[in-house]
Each structure stands twice: as C-alpha cells, then as structure tokens.
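Presented below, as structure tokens, is a lone chain in the form predicted on its own.
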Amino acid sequence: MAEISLTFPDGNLRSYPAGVTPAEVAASIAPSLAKKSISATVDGAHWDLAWPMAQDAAITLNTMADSAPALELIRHDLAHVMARAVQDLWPEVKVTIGPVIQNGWYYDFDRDEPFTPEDLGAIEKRMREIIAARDPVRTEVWDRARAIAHYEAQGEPFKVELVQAIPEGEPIRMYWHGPWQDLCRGPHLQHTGQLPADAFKLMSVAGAYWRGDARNKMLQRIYGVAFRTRDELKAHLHMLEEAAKRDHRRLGREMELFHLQEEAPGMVFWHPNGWTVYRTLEDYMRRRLRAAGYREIKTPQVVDRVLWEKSGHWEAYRDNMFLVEVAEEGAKEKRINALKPMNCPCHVQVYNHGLKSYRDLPLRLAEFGSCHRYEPSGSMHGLMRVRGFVQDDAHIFCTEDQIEAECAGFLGLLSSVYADLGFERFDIKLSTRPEVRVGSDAVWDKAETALERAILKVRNDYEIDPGEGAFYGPKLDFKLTDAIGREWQCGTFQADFNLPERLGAEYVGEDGAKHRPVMLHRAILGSFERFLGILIENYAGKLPFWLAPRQVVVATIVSDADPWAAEVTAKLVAAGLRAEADTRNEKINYKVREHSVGKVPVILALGAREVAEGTVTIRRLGEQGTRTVALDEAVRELAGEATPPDLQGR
C-alpha cells in the first residue's frame, strides 16, 4: 500500500497509508487527542476528521481551544441541527441553504406559514434535544445522478437545483446528522453532542429570495448566533444590546443630525447639527493633511466613460456606476458619462497636467472627493452603507525607493488621527500578491518589503493575508476597535504599479529618461458618512466636546435671567463656542432632560442667584453633580475644551 508523509506543526514527519483520515492520525498519536480533536487543517484547508488524505501534506489537528475552526464547525453544525429541528416540527417545510456568517449562521426555508417568535422557542428546544442525543455525524461522496434522484424522492426541489449547479469535478458530499441528511461541502463535527447547548440563540426571521434573485420565490430566513461558551454568548448579546442603544440612526434623529428618504435612496440629507459635525471633522482632516505635506485638489464628478475604460474601472465597476447620458449638440449618439465611483483616475489627470521631475516627487494630492456607487437597496444601512459619499482620499505619486518612507509617514499620520478621534486600538492587515497580478516579481518584492518595514517602524503586531492584495499591488487595511469591541475597517494604503501605466503617468528621472511613478492610494477615515456613523455609535452620541454640534446650552430657570442668558451666550459665541440660549417658559428639569436626549455636553443653568452673582452653574452630560463658577472662568474652561486636538498647545 502506498504511503504518504504528514508534517506536523512541530516539524516532525510521520508516514501513514494513503487514504488515512485525520481521525486515524489523531488516534495514532494519543487516545486523548483523538477524543479532543474536532477537525484538521491540511495544507491550509479546513478538513473533516473523516476525509481521507491521498498525498503528502502539512497537518494540524484542531480542538475546541482553536477558536477559528471551532467556531466555524459549531456554527455550521448548528445550521444543520436547526434545519433538522424545523423539519422534525414541520415535516412539510422544504430546506435550501444554511451558511456560516459573522457570529453565527442562517438557514432559508420554504414554508407557507410565517415563523413566529414562539416557533423560534420551539426550534431552540428541539435543537437542544438533538444535541443531547449525541447523534453521530457521517459523510459520503455521491455521484450527481444518485444525489438528484435522492432529493427528487425526498421532495426537496431546492436541493435538486443546488446539486445541478455543482461544477463538474467537484465532490457532491452528503452529510447525515443522525437520521437527517443535507448536501454540504463540510467539514463538520463527529456527533451532535460536541455542540455547546447553552451557547447559541435564534435571533430573528427575515424574508430572502431564493439565491438572492427577486424573480425567485420568497423564502423565510432564520438567523442564529453561536459561540464556544455560554459566557461568550452572553457577552455577544450584551454587545448587541449596547449596539441597539448606540444605533446611529436613532441617535441621528434624537440629535437632529441627518435623515434619509425614499426620494433619494442612499443619499444623506444633513441637518444643521449634522453638517456642523461633518464640517468640523473635515476642517480637522484638512489641517492634518496640510501639515503632512498634502496639496488639496478638486476633480469633476461627471466623467466620460472613455477615462473609465482606459483606467479599467469600466469593466470592473460598470454595474456599480450611475450613468449620465447627454445628447451633445450635433452628435449622432448620446455621450455616456458616469458619476465617479472613485477619485483615482481623475487624480492621475491632475498629475499628468505638466511635466514632472523626480524633484517633484513625492507629490501628495488630496481630495474630499464626492463619489457615487450603486448599492442594492437591501444592503444600505443608515450612514454605514450609502450610495453617495465623500472619501478623505489622497494619492501619493512617488518613486519605488520612496514607498517605505511614504508608508511610514502615512502610518504615523493615521495613528495620530485615530488617537485624536478616540481610537487607540487598531489592527493592521498586509495583503500580499495574488495569483493574477500585473508587474514583475522583483517590483512586488520591493513593494511588499517596503510595506512590512514601514509597519515595523510603528508597531510589530500585524497580520499577513496571503494572496489578497489588489491585482496592481500589495495593500494595508486598518481595522478600528470601538467602545463595545466591534471592528470597523476604515483606512487603507495601496501600492499601485498599474494605473500610472494605463493612464500614461511619467516623470523625468535623474538620468534624464522618463519613468513611471508608483501611485499610492490611501485613506484614513474611508468615507465621512460611514466614519461619522462609527463615531456616533462609538461615543453613543456623546461626541467629544470639540466635535459636538451643540456644545453649550444656556438654560434659564426664571424669566428674570433671560438678559443674563443673552450676555452669557454672546460671550461663549465670541470665544468660538457653539452655544445657544434656551429661555422658553419651561421648568429647568424639562430643559435638562430634553437637551440630554439631544446629547448636548454642557448645560449652563441660570437662576436668580447666578444673575445676582454674575456666575453660571455648569451641568455636564452624564454627571449628577453641578458646579457654580464665574462666567469668565467658565468661558476659559470651555473654550479650552473646544479646541480641536491638533490645535491644542498652540
């Protein structure tokens, strides 16, 4: 019998008969390992313990202590267990697909009656009974005809369609969880008892078209979340409660920041308060970019398709572009333009205007560029995903030798901006060359090495994502962690050797010859709309004082204080504060409650005593106590707090 060689994480090699399974490998090492193992990683692929191995490979045996494979298996198996529970309770229901998603899974069902909250409770109960039964999980590979015949006999038309869609050459794998069977790529656990019965919860039901096509039948999608332990589940559910409290759409209404409406889907209507926050953030970013050597430009929003074809975006982004057809005078055909979905090709046009020398490089061109991309209506979500947005976009044109220094400079700027905005923690992912790419290996070596060296000048903890770079160059992605532990990808830094070539960008080198610059795409916030949504949720609406749209409300307790309120407000405004007076004939508790809901950070209460003494009583959002001080002292204190971080100390 032929043998294969398996390499273990410690470097040891062992020989086994070809066709050995990871379960048999685990058993050959130790009975305890065989009992603890849940899956294997074979040459980087997640592998079922029951799948045979036919050739030499590197192998790692996974246990529940290995978070990523454990969670994938738990969530995938629970999707199957849920589908089994549904069909146990309602045998007439047809099943479709049930993939793993972030934090859990979903499964789509064809059922005439809508699922109710009570149904979800019954399904959860049945799932726990299935887990307690410790039913074995087994798998077989069938040929296409047998699988189709099986599902036709079972009356499962969706499964028949799925089998028919599997490409030739791919295995058609059938899984059984006890007596219940499903079509699945796997891998899976070895028995249902390996699932944590107290670490999952069914969350909601939604409608979903079969295979995402509105022309197909509407199905019912049940969502669930799952973790390795009960404590992890409790922590996630608590995070969801916090996220609901922080929902930027609700806070946007309460703080009167923005709204969206059907007549302009995915486009934001900014109200005075929201636009104040927007412009304050934009002014801050403009100052930071100017200090970092960027030169601000502005490029057109409507651009002829010819440029998009030259850049390659027409082919890649055509379906996401908003087109503008113009009947030019005297033209036989309408001219096709597009609202720009990104700024890159336009920035090359600015670079190309006039001859550039190596002495001009690096050239850093920045734009708060207004972009439009078509997003399906079902994917839009408040400020987080819109069709019209503004990027804090910039492109650096440089030589290959300047990549490392420019990347290091950008990392320093990004780290400082994130810290100013309250995000001390962020993760970096370096995506390296994909299989399909442009440029020589030597150029890719130089670019990847430059990015790695630049990261190490700032920090030494980063993740490599092999093969996930853009086709034109490697890239860095930056993920922020917010106040409740959620991750948000915002910033990016990408090295591009392709677009300068396609659009004819050149510079004259020291040797007098023409060369291609490298184009570095970079963003810190990503888009203002999305980043503002993240900021609102991170701070639960209680924005830093310098960013708050309404910084101070001067609220009167008695009408006799109205003249003093006008004088106090005028001094605050003269000191550069965003202040307003509330002299309505309402009780002070009502005013405080209303402005607290609007997340006004400071309320100055004025009564008869404050009028007589020339003082103000300071009440801060979220604090119980108050403090009475002289007006001039309050103005100095608040003016200092209102100074943006980059201007403090000047």
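Not measured: the values here are computed from a predicted model. Numbers follow the displayed sequence, beginning with 1.
Not pictured, yet referred to below: the form predicted in complex with the RNA.
Stretch-level contact check against the RNA in the predicted complex with heavy atoms at 4.5 Å: of 229-237, 444-452, 378-386, 85-93, the positive one is 378-386. Although the partner is absent here, residue 610 is a contact residue: one of its heavy atoms lies within 4.5 angstroms of the RNA in the predicted complex.
Residue contact with the RNA in the predicted complex: residue 35 places no heavy atom within 4.5 Å of it. Contact between residue 208 and the RNA in the predicted complex is found at the 4.5 Å heavy atom cutoff.
Contact between residue 596 and the RNA in the predicted complex is found at the 4.5 Å heavy atom cutoff. When you look in the predicted complex, the only residue of 168, 435, 262, 329 with a non-hydrogen atom within 4.5 Å of the RNA is 262. Only one of 281, 428, 557, 413 comes within 4.5 Å of the RNA in the predicted complex through a heavy atom, and that residue is 557. Scanning 582-599 for heavy atoms within 4.5 Å of the RNA in the predicted complex gives 584, 585, 586, 587, 588, 589, 590, 592, 593, 596, 597 in sequence order.
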